[in-house]
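Consider the single chain below, provided in structure tokens and representing the form predicted on its own.
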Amino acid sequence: MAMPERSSPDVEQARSRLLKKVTARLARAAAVSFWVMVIAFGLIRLAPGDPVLARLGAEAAPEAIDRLRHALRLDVDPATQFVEYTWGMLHGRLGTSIETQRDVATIIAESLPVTLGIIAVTLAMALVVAVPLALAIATSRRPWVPYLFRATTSVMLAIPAFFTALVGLIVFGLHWQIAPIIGYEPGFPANLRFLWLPALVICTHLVPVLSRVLHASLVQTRGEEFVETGIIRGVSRLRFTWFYLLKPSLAPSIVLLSYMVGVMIGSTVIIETIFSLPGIGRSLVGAVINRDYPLVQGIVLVFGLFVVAVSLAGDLLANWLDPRVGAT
């Protein structure tokens, strides 16, 4: 019977380094998640205004005010509130909305898919446009192409997203009538009819940033020695493009993209309001106006945990694409 081969010291060291990297990133994600929870709890309480008076009105009877304040546990000290909030969150309870008296988790479950749909369509559009564009610019032999590329992307970044959204509504919604200007229909693929224009608006800022970072990384990769080795070996064009150019260059773009997901979540607050989409960003605006503590806490917490999870996935994917990222 053949004896199993022993793992070489190099393989064991590589596994140990990978385990340390994953453990460190998980620990960092857990620490960030805790502070997200603290911020979600404390931020709304620092804002002026009383949620009880906002719900009942300034002319409400003192007894009614006291009953609602006790029901919301606002009559106890903040430390006790935070412990109760944390305990409920760990058991999947995010509280009840002050304004609608509905479960916060149910509200988030209804509105979150709209926001995630916008983000998913935006990422798909951005990758389809930015990756070929950056690759074409990096491999172009015409010296004026990179200058035109940088000038065009600078102009696109200078235009505010809300202005682009309004122009998009006028052109695509009113003039050409190929996009709805109001309403929403859940379910795939019917929802794509309502999501592609908001995603296109966000892409006008995401594509320039992503393509410029990827272009710079591709230009740097082209100067590496292993690229010359691939040319000398005469590998196929497809293999050369992926293994020798794109794969080593994508790591910084993946890390940037995971960061930009958080920026996109902030952008959806404006975009959902302009396009009248029932997303979680629009729900957050209404909750802040109404001083709806439980709903604001729940939405900010979900936003934060989602960004932490995406950032963790981006770090691990970037490390797989280029292990040199883990050394930084």
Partner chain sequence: MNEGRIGIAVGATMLLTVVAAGIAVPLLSEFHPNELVAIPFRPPSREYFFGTDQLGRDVFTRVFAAVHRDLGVAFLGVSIPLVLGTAIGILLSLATSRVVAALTTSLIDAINALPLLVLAIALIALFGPGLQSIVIVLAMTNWARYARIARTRADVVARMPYIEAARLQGYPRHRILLRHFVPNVSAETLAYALSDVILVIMLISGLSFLSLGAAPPTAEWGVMMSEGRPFVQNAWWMTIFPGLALCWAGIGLSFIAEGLSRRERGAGE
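Residue numbers count along the first chain shown, from 1. In this text the structure is predicted, and so the values were computed from the model without any measurement.
Below: the form predicted in complex with its partner chain, not depicted.
Contact at L133, F194 and L316 by its partner chain in the predicted bound form, all three, heavy atom at most 4.5 Å: No, the candidate spot makes no contact with its partner chain.
Interface segment, criterion being heavy atoms within 4.5 Å of its partner chain in the predicted bound form, picked from 88-96, 168-176, 186-194, 106-114: Flagged stretch: 168-176.
4.5 Å heavy atom contact, L56 to its partner chain in the predicted bound form: Heavy-atom contact with its partner chain at 4.5 Å: absent for L56.
4.5 Å heavy atom contact, R69 to its partner chain in the predicted bound form: No.
Distance check, V310 to its partner chain in the predicted bound form, heavy atom within 4.5 Å: The answer is no: V310 has no heavy atom within 4.5 Å of its partner chain.
Its partner chain contact in the predicted bound form: I39, any heavy atom under 4.5 Å: Heavy-atom contact with its partner chain at 4.5 Å: present for I39.
The single option of V128, V83, A151, V76 touching its partner chain in the predicted bound form, heavy atom within 4.5 Å: Exactly one listed residue reaches within 4.5 Å, namely A151.
Sequence-ordered residues of 140-175 touching its partner chain in the predicted bound form, heavy atom within 4.5 Å: The stretch 140-175, when checked against its partner chain in the predicted bound form, contributes Y147, R150, A151, S154, V155, L157, A158, I159, P160, F162, F163, L166, V167, I170, L174 at the 4.5 Å heavy-atom cut-off.
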